[in-house]
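Below you'll find only one chain, the form predicted alone, shown as structure tokens.
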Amino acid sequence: MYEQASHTLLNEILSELKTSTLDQQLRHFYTRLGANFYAIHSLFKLLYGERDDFKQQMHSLVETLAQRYIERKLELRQSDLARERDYNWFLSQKWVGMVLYCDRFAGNLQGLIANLPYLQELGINLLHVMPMLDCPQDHSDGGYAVRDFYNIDSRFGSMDDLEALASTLKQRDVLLVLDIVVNHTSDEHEWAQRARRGEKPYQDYYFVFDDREIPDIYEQTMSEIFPVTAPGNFTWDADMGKWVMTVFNTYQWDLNYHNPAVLIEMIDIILFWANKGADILRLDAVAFLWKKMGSVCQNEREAHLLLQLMKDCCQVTAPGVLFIAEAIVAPSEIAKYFGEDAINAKECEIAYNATLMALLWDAVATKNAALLNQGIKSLPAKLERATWLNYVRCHDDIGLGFDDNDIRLVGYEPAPHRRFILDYFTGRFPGSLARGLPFGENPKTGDARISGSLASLVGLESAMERGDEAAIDAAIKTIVLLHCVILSFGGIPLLYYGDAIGTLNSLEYLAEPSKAADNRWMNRSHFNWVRAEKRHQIGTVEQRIFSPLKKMIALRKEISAFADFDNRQLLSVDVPNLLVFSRTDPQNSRNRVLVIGNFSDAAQTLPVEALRAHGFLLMDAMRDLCTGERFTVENDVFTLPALSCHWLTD
């Protein structure tokens, strides 16, 4: 009965489309709509089926999908078809990403285009350009407080410049990743301005209340994201004379997805940027999409339904475009943003592996891999046609989001251990050379996160100031080790701009009043092109980081065992300082790569017998792919140099 009703509605909508001006070259659109309509209709009904305007909203949604399909360029439609045929294309080991700020890396979009050779020299072929949409200059949240979803901020250039970047990247076989801020808008957005003027339809785009009765109910269960700089989750707007939900900052108004018009607007925005040439869209703050009184308003089931709807709609109009879930949530929740299907990613094909990132930093601080190994065992399984983004640093802070039970299993107590990690990376722990700062300290709980650049957090800044060559060498080895892991772990490795030349903390943000209270800007420095030139000078810090990363990236692309087809096996070797796992070629199980990382600042020995138990028999014949040399076995043990990582094969 329900399927029949869905089919009837589809025929009704198609009949209207075919008699309108939209009926142009829609053959593939109709086919995909037919294949996905039952799922779209079912999800839409689950969310909005009780509304009187349900059918009208469904018509509006399909018209939006059709209109954006008509606008989609021929070359993008051809790319869609190719990716539908080769649907595992993004699981290949050939993809290596970098995330950067356009203005801080190269001034503007034209400068970014001019400097693409630097990225390609390193081997980057997936480029995430941080948000560039129109935002208020002093209240932009780094580009995440959007004033106009359809316009580039003039500081970066024009829409023509953006399309030129997309075209140039396609010619170079480089994927373009752009951000869509799906959870909120700037309070200067047209929708917010019209809400302020008293227009009820636009007040319904947000959560607005006349008094504190309902906000106070929400506050009983909601957490505070920025308890110091933006306490609470509601802000009084004097112009509107109402309270408005502002989970992140007072100038960022949360969108109300209980209103289907909001969802349709956002799907239109998603498809607009897909049509501008984005290969992958990063959906920001997806865990917060659905607000429900009495809950923490994160990871709600309806948030997943919304993402499934967005994905299904994109499958109709721009099926070659992938989604990244920006969901920095508990390990048990992360994999849910792939979706519930056993194989296909029904929400987002890619998600940030924030847990691995936090575990890697734990290993750096403790100089052992005990929690890293335990945490990897507890990582949730991904779907077959989904993958992780593995990263060491990004534009944001470092949260210590590993599982309390895993911490206890390796002999630590959660609260003191997290305090140790925080103290270590903020230089408070005796002997630490790290130069980070605590971020978002909660005076009620004592919890905090960590800001700082990769190089400064591993001690390079302190070591260079002291002229300590041994400490400089250890910091460089740590940077290479961390990248060696993410390049071989399984998924898409994502480098942060500046890390390949050892960029240190920057304090320039302190001179800008709009940034001075947010120390995450110390890790968002302007790229130093003078230092970048030193990557070609033998013996410089820049060369000693850039060259091994460049070599590992090139090697990764040649090693089919590094493709992401659930072909990683964590090996138990009873040496707590070591991370050991194998990667198996999905096309030939006899081709395996053994990855060994030593997080200790001293050499470690590994009994060969521990590896033979996992099927690696001819240990004395193994070759290190990174150096090309045979790995030495003496007295039936490997000796692993301090702070080193090896890719071994027989």
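In case it trips you up, residue 1 is the first one in the sequence shown, and so on. Quick caveat, the model's predicted, so the values are computed rather than measured.
Below, we refer to the form predicted in complex with a small molecule, which is not included among the displayed structures.
J.: Just to be sure I understand the contacts: of R449, R568, R72, K557, which is the one whose heavy atoms reach within 4.5 angstroms of the small molecule in the predicted complex?
T.: Exactly one listed residue reaches within 4.5 Å, namely R449.
J.: Since exactly one of E461, D80, D237, D397 fits, which has a heavy atom within 4.5 Å of the small molecule in the predicted complex?
T.: If I apply the 4.5 Å criterion carefully, the residue I get is D397.
J.: Given the stretches 414 to 422, 244 to 252, 374 to 382, 203 to 211, which is the single one in contact with the small molecule in the predicted complex, using a heavy atom cutoff of 4.5 Å?
T.: Contact-bearing stretch, as computed: 244 to 252.
J.: Whether Y118, K534 and E542 jointly form a contact site for the small molecule in the predicted complex is the question; each needs a heavy atom within 4.5 Å.
T.: Not a single residue of the candidate spot has a heavy atom within 4.5 Å of the small molecule in the predicted complex.
J.: Taking the shortest heavy atom distance, is H184 within 4.5 Å of the small molecule in the predicted complex?
T.: Answer yes; at least one heavy atom of H184 falls within 4.5 Å of the small molecule in the predicted complex.
J.: Contact with the small molecule in the predicted complex for L579, defined as at least one heavy atom pair within 4.5 Å: yes or no?
T.: No, no contact at 4.5 Å.
J.: Residue-level contact is defined here as any heavy atom of the residue lying within 4.5 Å of the small molecule in the predicted complex; does F288 satisfy this criterion?
T.: Yes, F288 lies within 4.5 Å of the small molecule in the predicted complex.
J.: Given that the partner is absent here, does D141 sit within 4.5 Å of the small molecule in the predicted complex, heavy atoms only?
T.: Taking the distances in the predicted complex, the answer for D141 is yes, it comes within 4.5 Å of the small molecule.
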